[in-house]
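Here's a solo chain for you in structure tokens, the form predicted on its own.
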Amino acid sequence: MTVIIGLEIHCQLDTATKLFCGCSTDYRDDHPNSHTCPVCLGLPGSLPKTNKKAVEYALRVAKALHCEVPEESEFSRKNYFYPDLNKGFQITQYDRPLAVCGHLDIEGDDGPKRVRITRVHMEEDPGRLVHKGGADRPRYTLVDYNRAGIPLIEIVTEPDLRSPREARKFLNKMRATLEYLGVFDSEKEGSLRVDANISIQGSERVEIKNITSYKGVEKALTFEVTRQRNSIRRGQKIVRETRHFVETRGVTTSSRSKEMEQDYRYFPEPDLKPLRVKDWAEAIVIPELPDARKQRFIQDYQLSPTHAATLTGDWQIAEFYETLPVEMRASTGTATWVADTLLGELNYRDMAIRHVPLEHFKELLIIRESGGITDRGAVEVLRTLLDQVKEKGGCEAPAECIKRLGLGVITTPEQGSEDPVTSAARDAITENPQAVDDYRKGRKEALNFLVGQVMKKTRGCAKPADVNRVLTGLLSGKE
């Protein structure tokens, strides 16, 4: 049963004003309906005017996705009734979109894969419904039009994806590309929403609407694949419909029968002139994108493809890595620390790289690279600093944290006797006679066990090379 998936990605463009009026798009902390005007409310006599910056942002995306920009595109009216659509129609692009026939390359389930982009078109966002009430009072719904008129681009793919995992990889790559282009802010609520079309080959297509998270896309599609396959096995027919993803339960529920294009009665927007921007699109210069940056990291810093992909998959992480001293960027240890240790600790705490005081983390990396703290000690300091940031919004300097926790490297002289490392090694030998006996019988792995015991006693502050040397000397009778 071959799975066929296509995506429709709605991205809010990070412009200062709305698509067809001068209302501010910075509405999220303000009162409902405080960012509105006659144009975005669709009042009689008001006339829209296209936001030039929004068009430029859309053209950047089109160019990054290798799309063709036609000589002329135009806006249309999409007519349907819903409370959040204050005009009774949405201004969008229909049969003459801004850009067509592009692609985005990803690492698919079976190797490199090219996902075709059908079209990139511009449209305005509708308003937002706020549902109120509950057990103690009747349910009711309020409408907030602050979001109405926010500039959107819709990126429509061909049905080239074959699994929920591929869909999530595609979305991660698309998000990274949009961030590199500087056209949207992924931290803003509702900045990226996804509609997913999914079918089992030979059956009807189902659309899942308004999925608002990357993980949610994979979960929704995974549930829907299972639901459709089970229905087919039971001999049931898949109905063409629109479904809603209930993220708290991880399931999709039937919403309504699927509308057809003719139901929207599209016709050209009479108040807006067609866009003729092909020459403008050709002149736009886009920044370095994730794939190009990945190759540069591999060539310039001699990083592994895996580390390079992780470090360039998020624009903020890549920018942070490039601020490190050049000799550190070319260090495998540094790449591992940022790509594996730092990101792992951030994911565990549900934090983003923007939450990290980057100068503090850079200081910790420099101390680690200079030998002022061991890897194990540095991990403990990192965890302490991140916990402080999450609880208090800030953290102490790494050097102060190392001193307070007593995690500085313990050194031992070549001919020393009762320094902390030697003392801990003597205790480990006394407490583990079986391991000592095994080592003297030729079982070299017993030494690794004893090294671990010494590292535990020194809280990871001793250098492994010193521990090995001291233990070997004591076990051979040289110390």
Partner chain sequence: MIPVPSIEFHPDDRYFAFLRTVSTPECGQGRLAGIPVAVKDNISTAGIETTCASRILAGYIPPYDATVVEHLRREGAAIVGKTNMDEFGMGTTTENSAFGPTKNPADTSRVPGGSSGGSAAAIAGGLVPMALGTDTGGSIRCPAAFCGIVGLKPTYGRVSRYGLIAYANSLEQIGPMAGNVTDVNRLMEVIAGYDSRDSTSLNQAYLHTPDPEIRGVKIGVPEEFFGEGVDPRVASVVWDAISMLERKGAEIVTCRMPSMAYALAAYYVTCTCEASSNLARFDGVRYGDPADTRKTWHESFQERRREGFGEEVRRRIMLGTFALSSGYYGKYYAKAQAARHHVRADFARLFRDVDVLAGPTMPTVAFRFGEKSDPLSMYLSDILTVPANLAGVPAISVPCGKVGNLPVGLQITGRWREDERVVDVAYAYEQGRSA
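Residue numbers count along the first chain shown, from 1. Being a predicted model, the structure only gives us computed values, none of them experimental.
One more form of this protein, predicted together with its partner chain, exists but is not displayed; see below.
Among E71, D263, D110, E400, the residue placing a heavy atom within 4.5 Å of its partner chain in the predicted bound form is D263. Of the residues given (A339, L385, L85, V115), L85 alone sits with a heavy atom within 4.5 Å of its partner chain in the predicted bound form. The stretch among 441-449, 23-31, 427-435, 37-45 whose residues place heavy atoms within 4.5 Å of its partner chain in the predicted bound form is 37-45. Contact check for F75, R147 and K188: none of the three has a heavy atom within 4.5 Å of its partner chain in the predicted bound form. A residue is said to contact a partner when one of its heavy atoms sits within 4.5 Å of a partner heavy atom; F81 meets this definition for its partner chain in the predicted bound form. In the predicted bound form, K273 approaches its partner chain with a heavy atom inside 4.5 Å.
Although the partner is absent here, Y180 lies well away from its partner chain in the predicted bound form, with no heavy atom inside 4.5 Å. Contact between F267 and its partner chain in the predicted bound form is found at the 4.5 Å heavy atom cutoff.
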